[in-house]
Ligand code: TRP
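This document starts with one chain, in the form predicted alone, laid out as structure tokens.
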Amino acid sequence: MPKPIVLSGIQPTGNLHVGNYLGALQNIVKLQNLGDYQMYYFIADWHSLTGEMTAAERRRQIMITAAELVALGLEPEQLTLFVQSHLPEHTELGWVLSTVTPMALLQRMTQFKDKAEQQTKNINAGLFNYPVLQAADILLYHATLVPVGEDQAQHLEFTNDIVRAFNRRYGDYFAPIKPLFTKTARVMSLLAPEKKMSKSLGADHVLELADEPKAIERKLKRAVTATAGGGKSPGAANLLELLQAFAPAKIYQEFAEAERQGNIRYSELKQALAAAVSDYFSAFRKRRAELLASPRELPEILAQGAERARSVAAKTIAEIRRLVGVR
């Protein structure tokens, strides 16, 4: 029996941070290592055009993102890793799917409002239409499973709406997509713990995986906590959750008990967390630096990934063209 096809991706809009890791990438590595799936993971550079990066920033960040993904443990021998724009089939299928997508369906997508509020001077059509391209990303490889948290299920419902619309017009071709719900952590901002950790809030709101130990210490010293114990502070709860993820269990249990007793010292918690995060990503930082210093390794990995992806994408597009009557 062929293995189920799993697909996911990430925009190259900034260095990866602990929210990306705990919220998604840790699970991608686990799924890859199970060996139970045929897996595709792509760098969504076409999607990043809806933002406000310069061309030079985008070129640089694509390579940084690729280096960080490989350094985290995405293995090119076990998983097809590629850059979205290296395969024009993504945008071609995106256009075809846009012709069967009702406007009312797009208008129901809640993410457009959120994204528009983040960049009020650049509210472009791509922000509105991007769910169609996202559907194309999935359907191009006939993925049957997409790893998501429960808060992202709307995207897959949208994709399945498009599947039904396409199949009604051109005959049964695409299969429904199922969410692969994975346990994900909702990591909050260091400075505004009522908000999800995000690069858009500012550099000091996030712990980047590539941060050196001194930068980690500096950011955590400024992190919001509580003035007293008792477990009621979202800032303190966030730091304790990070400690649980990255520190030995014994260290976490000591601080969790101190929090319950109301005698926790947040300065010591921050020091312990800084040491834990620094140690946890030490090998990652070394491998990342090696990849970025090599002029050939990353381009070769991405070229090989694109070649493997193209063997599937080209077949899909040939079949789509025949179905819709343009070839």
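We number the residues from 1 along the sequence you see. Keep in mind that this is a model prediction, so the values were computed, not measured.
The form predicted together with this ligand exists for this protein as well; it is not shown, and the discussion that follows is about that form.
In short, of 271-279, 41-49, 296-304, 256-264 it is 41-49 that has heavy atoms within 4.5 Å of this ligand in the predicted bound form.
This ligand is not drawn, but in the predicted bound form it has no heavy atom within 4.5 Å of Thr316. A residue is said to contact a partner when one of its heavy atoms sits within 4.5 Å of a partner heavy atom; Ser189 fails this definition for this ligand in the predicted bound form, lying far away. Heavy atoms of Asn129 never reach within 4.5 Å of this ligand in the predicted bound form, leaving it off the interface. Thr80 falls outside the set of residues with a heavy atom inside 4.5 Å of this ligand in the predicted bound form. Using a 4.5 angstroms heavy atom cutoff to this ligand in the predicted bound form, none of Gln118, Met197 and Ser200 count as contacting. Listed residues Val148, Leu209, Leu220, Leu72 were compared with this ligand in the predicted bound form; Val148 is the one with a heavy atom within 4.5 Å. Proximity to this ligand in the predicted bound form, taken as a non-hydrogen atom within 4.5 angstroms, holds for one residue of Thr101, Ser85, Asn238, Gln134, which is Gln134.
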